[in-house]
Ligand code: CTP
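Read the single chain below, which is given as structure tokens and is the form predicted alone.
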Amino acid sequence: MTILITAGPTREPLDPVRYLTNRSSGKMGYAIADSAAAHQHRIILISGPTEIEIPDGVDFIPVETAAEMYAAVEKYINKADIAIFAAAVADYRPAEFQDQKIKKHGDTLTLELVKNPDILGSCRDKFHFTGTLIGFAAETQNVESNARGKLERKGCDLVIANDVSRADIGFDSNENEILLVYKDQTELIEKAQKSHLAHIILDLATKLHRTS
């Protein structure tokens, strides 16, 4: 099978030296890519900036901004049987990029932000992707209900949710605890190494695709 995976954060530039980003390390997405490559699947890994070594045997597409990730997904998604969206994409970007470093003038600074394109939400309606679609939901409250809302709004077959308010899992950690939210059920996978969870996620994704 061909599997498209997004991973890592995006960076939305303010000026030549500053950008808006988030705490995503990319570890979960890269672990899934590594597991899938080991199982001889063709992998298209679209990744924001990380410090992780690129897994062997993947087609690696580096991007920086949400707009670049959107364009890469649009280009490659219909080559895939399964698409797994593990990246933490910025919802907003600065309305204007300043060509020169923003200098300190007053006690406050107001930034205008504009909404980025919705990559996961574009897969069905705009990109016309008909394969198995899996999203991630990094939540700090109402984890299950927020993930289920995402599943329904964006046409996913599965949303994998985790509570990023916990210090022992999620961002920056090698471990995670995930909630699998399907259209008709929810299942908790207790805390484990992300490398182990990656094998579980890959197995679920391929089973979903074969039975769809």
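On a predicted model such as this, the values are computed, not experimentally measured, just so you know. The numbering used is simple: start at 1 and walk along the sequence shown.
The same protein has a further form, the form predicted together with the ligand, not shown here; the description that follows concerns it.
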Between the ligand and 15, 19 and 64, in the predicted bound form, does every residue show a non-hydrogen atom at 4.5 Å or closer? no
So, in the predicted bound form, is residue 87 in contact with the ligand at a 4.5 angstroms heavy atom limit? yes
Is the gap between residue 80 and the ligand in the predicted bound form 4.5 Å or less for some heavy atom pair? no
Do residue 150 and the ligand come within 4.5 Å of each other in the predicted bound form, heavy atoms counted? yes
Wondering, does residue 137 line up within 4.5 Å of the ligand in the predicted bound form on heavy atoms? yes
